[in-house]
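Shown next as structure tokens: one chain only, the form predicted alone.
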């Protein structure tokens, strides 16, 4: 049984990761900002009482990260997979982050959640990951973070935060190599979720299943790569 920690698990990709890992028989620590409002996650708990632990976590809050680490440490001696999934498109729904309408506050919040917090969560949970079985850190990135594939304007804060996350993954892969931990950035595709919207061409089940299989198949020899859900290397 693998021990899996997922951020942003109340809905969308994070919820589907939790569901599919639980269906496989893994133990899941599913974190989100407001567990009391996470209706679908709470419903999962009814079916997986022993294998699902729901944890309140704002990834950008240092005190919360420390508290959650202590809580998880009381329930497991190791982690095998950390999925840094929590993310936001904008720091404020009224701020579009297009030229002529760019806000410093938007950049600050988006970078804090999408780029800096995954690193800080990873750093806090390293003691458990070091004791895991072929441990892996998965940062959910986006094609928007690919500089060479960028062919449109707008989305300044979101796109640049994902490019920064890719760089963080690459640097991290060197720092944790001697610990035997693999780090990957993965672009899941454009998926129908609250964030992806109804126009997205992909239903959620298959892409997440593909990513889980991809995580299983990768080892430290490919650490630091930016991949799509099928395992193809994405251009930086």
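Predicted, not measured: the structure shown is a model, and the values here were computed from it. Positions refer to the first chain, counted from 1.
Same protein, other form: the form predicted in complex with a small molecule, not shown, and the subject of what follows.
Asker: Within 4.5 Å of the small molecule in the model of the complex, counting heavy atoms only, one of 126-134, 67-75, 98-106, 80-88 shows up; tell me which.
Answerer: Looking at the partner contacts, the answer comes out as 80-88.
Asker: Looking at the partner-bound form in the model of the complex, is residue 158 within 4.5 Å of the small molecule by any heavy atom?
Answerer: Answer yes; at least one heavy atom of residue 158 falls within 4.5 Å of the small molecule in the model of the complex.
Asker: Taking heavy atoms only, is residue 27 within 4.5 angstroms of the small molecule in the model of the complex?
Answerer: Taking the distances in the model of the complex, the answer for residue 27 is no, it never comes within 4.5 Å of the small molecule.
Asker: Taking the small molecule as it sits in the model of the complex, is residue 184 in contact with it (heavy atom to heavy atom, 4.5 Å or less)?
Answerer: Residue-level check for residue 184: no, no contact with the small molecule.
Asker: So in the model of the complex, is the small molecule close enough to residue 207 to count as touching (4.5 Å, heavy atoms)?
Answerer: Looking in the model of the complex, residue contacts with the small molecule do not include residue 207, since no heavy atom lies within 4.5 Å.
Asker: In the model of the complex, do 146, 212 and 225 all reach within 4.5 Å of the small molecule through at least one heavy atom apiece?
Answerer: Not one of the three qualifies.
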